[in-house]
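Next up, structure tokens for two forms of one chain, structure 1 and then structure 2.
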Structure 1
Amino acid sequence: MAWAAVVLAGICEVIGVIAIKGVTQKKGWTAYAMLFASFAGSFALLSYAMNTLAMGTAYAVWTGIGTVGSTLTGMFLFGEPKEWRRLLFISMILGSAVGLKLIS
């Protein structure tokens, strides 16, 4: 159940990133509502999961889903660059962030 909450929290985070894009495209108050609801939901689910899971592990998985999800969403939904160097550098950030959270 706690793991399902982490995965759902990560999905909420990706929806939040889509909402950020929506806000920048002047989608009005619905984009702001979506932004607020998705991140509030994401944090609530994450803190619920942390009641039973180790904090670093939960955080690492949550960050992982959020970063990978928002990169893929950017590429496939918003046509952001698919260049290999961009993916390499994002992977470096992702790998280090997940590592830091696992050992912290």
Structure 2
Amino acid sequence: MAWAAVVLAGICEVIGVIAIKGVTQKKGWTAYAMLFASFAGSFALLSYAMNTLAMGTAYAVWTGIGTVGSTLTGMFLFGEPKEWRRLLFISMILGSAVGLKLIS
């Protein structure tokens, strides 16, 4: 259950990053509401997961999911460059997060 909470927390973080982009482009109250709700959910789920998982592992996986998710979102939703080097380093972050899960 704790690992599911970390994954959901990472997804909420990605939604929060998308909301930050929305705030910078539109500055409407819905973007701000999405921003605060997604990050509040993310931190709440991460806190829940840390009751069971080691703090360093949970935080590293959470930031890895957020980094990979927000980078891929930038590439596919906002037209950011899709260079092979970016994909290489993203895969290294993803591999590290999976490795932490496997040894925990």
Partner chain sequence: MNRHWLLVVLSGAVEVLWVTGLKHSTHIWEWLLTALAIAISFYLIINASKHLPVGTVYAVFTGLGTAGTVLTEMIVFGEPFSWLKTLLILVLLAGVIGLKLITGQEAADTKKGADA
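By rigid core we mean the largest C-alpha set that fits within 1.5 Å across both forms. Only residues modelled in both forms are compared. Here the structure is a predicted model, which is why all the values come from computation and not from measurement. For residue numbers, the reference is structure 1: its sequence is counted from 1.
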Between structure 1 and structure 2, which should be identified as the form predicted alone?
2
Return yes or no for L87: a CA shift of at least 2 Å between the two structures, with the rigid core superposed?
yes
Under a superposition restricted to the rigid core, does L8 display a Cα displacement of 2 angstroms or more between the two structures?
no
Check the Cα of G99 between the two structures on a core superposition and give its shift in Å.
10.4
Core-referenced diff between the two structures: runs of three or more consecutive residues, each Cα shifted 2 Å or more, sit at 83 to 104
